[in-house]
Structure formats: structure tokens, C-alpha cells
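One chain comes next, on its own, written as C-alpha cells: the form predicted on its own.
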């Protein structure tokens, strides 16, 4: 079983949107998934709880109880544990990072978000954890040309030597409207959003070496 912690110390980054979409992507590809929501707002729990068809399991928990949650997920033969962390809660984020096989740091292309990423990136480096940065809520590129604020953000991340994911998630309303019913953008007619999520999942799965567990021989 692999554990992925989705992190953004600054609020409003779309961290829960990324966490739930990754969970749904994994589930749709046949993996057994548990989402542990340690954000006091429990947005991931609410979103996935609204799903009308089978989907990833989701539970609410806290940072100090993450070890127990990970142990339980392993006992349930889950392939993937995704931790949706709270914004601003450094101690809880630290708990998640200790257990994570991969940290997914979510950031919007703004100077304030990039500045907020510094603290998270410092924690990740101190713990020596594999990590990727996902740029979220970026304006759609016009004729393959990025908006100036996206260009500035990418330069800032490059300067930080941040491990940038090759997939940028754009500012698309479908990400929110789909989650209102516990669905992924991959389950909507929006092909552009679906392609973004599929590409991001492929990258994260390869980075964390996420595979479906093989059944044990009797």
C-alpha cells in the first residue's frame, strides 16, 4: 500500500479538489482506496459522501490518529491511502508527511501561494520525502501561451528548485460542480478537464509506484 499526502498550508489552493480527484481516479482504475480527511472542515468527507454510486472509502480523522488509520488501511488490503491535510496546521501536516510515500504540494500561481509553499517545501526537504508540486487553478493557456502570472509562478518554482509536476490543472468550474455530487471531472463531458486529471494521475501513480495489490496465495 502506498500513502500520498496532499498538502497546502495556505488555504484556498484547491487541495481537497486535488485529493478527491486523485482518489476518484485511482478508484476508477480498479484500486482499493481510502481517503483520510484530517481537515477540520471535512470537505473531502462531504464531497465523497455525496457520491450516489460506489467510490473510494473516506473517513474523518486527526493528525495524531493517522498511524492507526494507515494501519487499518493496510489491514483492509487497500492499495492507496490518500491524506487530505488541513491548511495552516503545521503539526498535522508533519504527521502526514512522516507517513507519506509521496507528498503532493498544491499551489495556485500567485506570489502569496508560492511564498506559502516555502514552509511546506522546507518540511519536505528536512524529512527527505519524495514530493511533487501541482499548480492548480491556473488560467487556461491561450494558443499555448501561458498567462503572465503563470509564467512568473513557474519561474519562482524553478528558482526554488521545486519538483514540478508536468501537468497544470486549469481554473475550470467543472472541478467544483462535479464534486458537488461526489464525481470526478473524468465522469463529466468536459474532455479537457478529464484529460488533465488522467494525465496527473498517471504521473502521480508512476512517481509513487502505485499499483494494485496482488492477491495473496492461499
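Remember, predicted model here, so these are calculated numbers, not experimental data. Numbering follows the first chain given and starts at 1.
Below, we refer to the form predicted in complex with a small molecule, which is not included among the displayed structures.
Remark: residue 27 does not count among the residues lining the small molecule in the predicted complex, judged by a heavy atom distance of 4.5 Å or less. The closest heavy atom approach of residue 176 to the small molecule in the predicted complex falls within 4.5 Å. Proximity of residue 171 to the small molecule in the predicted complex: non-hydrogen atoms within 4.5 Å are present. In the predicted complex, the small molecule lies farther than 4.5 Å from every heavy atom of residue 120.
Only one segment in the set 94-102, 135-143, 120-128, 72-80 has any non-hydrogen atom within 4.5 angstroms of the small molecule in the predicted complex, and it is 135-143.
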